[in-house]
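A single chain comes next, written as structure tokens; it is the form predicted on its own.
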Amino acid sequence: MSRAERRLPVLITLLVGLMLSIMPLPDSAEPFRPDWLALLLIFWAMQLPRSWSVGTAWIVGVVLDVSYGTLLGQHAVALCVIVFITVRFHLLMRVFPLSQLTLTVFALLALYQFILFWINGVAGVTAPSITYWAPVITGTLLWPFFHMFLSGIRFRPSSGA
């Protein structure tokens, strides 16, 4: 299997994650949108840390900043921090039971939102607290299903002829 074919599942999931992130939702559901790209980057950095790491997080973050129209680099910095932590501890995280991994993802998502909150505070951008903390809860609740689904589509080398 060629290098491009191995990268295809990750690129497709990141594209779908970007579409889910910018897709319009009703005003009442908008604050509860999970951070799809943060979840995807945590998963892929944990599973394939040599291929999908901080550089990928920076590029995805800048694309997310441009599509949201936020401060340029805001999401990029926050995603780079959580992906760096994930890559640093990926061997430990991969052996966690799903419940402990879910709590770890909760902490990473909370850190991601805190960094966004802090950057917006420094820049003088105000937003209701629910817009920062509701995605942490929804992302944490979705993580077990998300992890099981992505584990099923992850590239696995074939052993047969």
Partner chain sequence: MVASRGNNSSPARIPALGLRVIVLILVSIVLMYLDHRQNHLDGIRRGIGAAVYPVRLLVDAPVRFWAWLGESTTSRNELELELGRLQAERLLTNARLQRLTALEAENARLRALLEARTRVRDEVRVAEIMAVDANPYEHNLVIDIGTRDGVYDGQAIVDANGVVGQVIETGIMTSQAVLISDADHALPVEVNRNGLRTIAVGTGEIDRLDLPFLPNNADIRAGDLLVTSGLGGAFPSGYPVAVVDSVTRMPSEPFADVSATPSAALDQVREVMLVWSAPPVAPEDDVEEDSE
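Positions refer to the first chain, counted from 1. In this text the structure is predicted, and so the values were computed from the model without any measurement.
There is also a form predicted together with its partner chain; it is not shown, and the following applies to it.
Although the partner is absent here, F106 is not a contact residue: none of its heavy atoms lies within 4.5 angstroms of its partner chain in the model of the complex. A residue is said to contact a partner when one of its heavy atoms sits within 4.5 Å of a partner heavy atom; G69 meets this definition for its partner chain in the model of the complex.
Heavy atoms of F117 never reach within 4.5 Å of its partner chain in the model of the complex, leaving it off the interface. Using a 4.5 angstroms limit between non-hydrogen atoms, G152 is distant from its partner chain in the model of the complex. Note on the partner interface in the model of the complex: the residue among L141, I12, M148, M19 having a heavy atom within 4.5 angstroms of its partner chain is M19. Within 4.5 angstroms of its partner chain in the model of the complex, the stretch 17 to 42 places a non-hydrogen atom from each of L18, M19, I22, M23, P24, L25, E30, P31, R33, taken in sequence order.
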